[in-house]
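This document starts with one chain, in the form predicted alone, laid out as structure tokens.
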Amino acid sequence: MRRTVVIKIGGGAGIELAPVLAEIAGMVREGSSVVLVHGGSAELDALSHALGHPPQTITSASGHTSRRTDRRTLEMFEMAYCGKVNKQIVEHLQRGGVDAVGLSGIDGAIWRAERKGAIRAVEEGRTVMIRDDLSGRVTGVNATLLGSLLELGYMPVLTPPALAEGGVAVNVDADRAAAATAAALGADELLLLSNVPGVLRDPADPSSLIRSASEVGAEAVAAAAGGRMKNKVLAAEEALLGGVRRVVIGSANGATPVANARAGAGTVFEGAMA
């Protein structure tokens, strides 16, 4: 039976795509069944500034920060994620001999989502309600379509947005979307690769890496995870609960980042965390 691996590559600044995509292409040529999920935040930030609609953030009462996604931002989101980044990745994989198919979560309703309702946010010390934000979370995955593509020899390359009720596209967290995808496909592994080496006790000290989340426990991991890392840890937990046997949060950089992550370089999640 072919092993299924879901790999998510972050879209932040400082990630070199060529080496990791070459490595993934080699895995597929050797018989692995791979689904790739990617982000595009750096490209979106650059495009937003170029088009005169700079990025905005929402800060919740608990201190969690997310991208403010109004209609104009969603349009630019689709340009950057679904357009430039997705097609560049597909082009690279095709050059590497892989029959990659680039799709967003709204294509074929690959990712169904629940749109957030009114969001309680803090602006300049005041609590405000935001009602027109186009963001949400993935609640369903079209595993039939993805499975069919894999069976036919195609490699899905997926990116947000997802499809909410009424056919509305919404911004969703790509790490958690990758976790839902891995669970729906019964994947053996989920690799969450970005511009950080894993969960660090001290973000400024790479030597403070937590290597085994299961050994230190959920409380210690949660205490160490700040900013965007919170969503990666949540994605790892959701994948394990969904039946994925192993999740690694690791670096997307270097000559062999996928092999490194599969060998345990990063923060490894296996089984239930106490």
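Every value quoted in this text rests on a predicted model; they were computed, and no experiment measured them. So that there is no doubt, residue numbering starts at 1 and follows the sequence shown.
There is another form of this protein, the form predicted together with adenosine-5'-diphosphate (ADP), and it is not shown here; the text below is about that form.
- Only one of the listed residues (Q88, Q94, N195, N142) places a non-hydrogen atom within 4.5 angstroms of adenosine-5'-diphosphate (ADP) in the predicted bound form, and that residue is N195.
- Taking G147, G83, G108, P203 one by one, only a single residue has any non-hydrogen atom within 4.5 Å of adenosine-5'-diphosphate (ADP) in the predicted bound form, and it is P203.
- In the predicted bound form, G11 approaches adenosine-5'-diphosphate (ADP) with a heavy atom inside 4.5 Å.
- Of the heavy atoms in A25, none are within 4.5 Å of adenosine-5'-diphosphate (ADP) in the predicted bound form.
- Taking non-hydrogen atoms only, S41 approaches adenosine-5'-diphosphate (ADP) to within 4.5 angstroms in the predicted bound form.
- Although the partner is absent here, V199 is a contact residue: one of its heavy atoms lies within 4.5 angstroms of adenosine-5'-diphosphate (ADP) in the predicted bound form.
- Here the marked residues V35, A261 and G264 all miss adenosine-5'-diphosphate (ADP) in the predicted bound form; none has a heavy atom within 4.5 angstroms.
- Listed stretches are 47-55, 223-231, 65-73, 26-34; the contact stretch with adenosine-5'-diphosphate (ADP) in the predicted bound form is 223-231, by a heavy atom cutoff of 4.5 Å.
- Along 151-186, a single residue, D175, places a heavy atom within 4.5 Å of adenosine-5'-diphosphate (ADP) in the predicted bound form.
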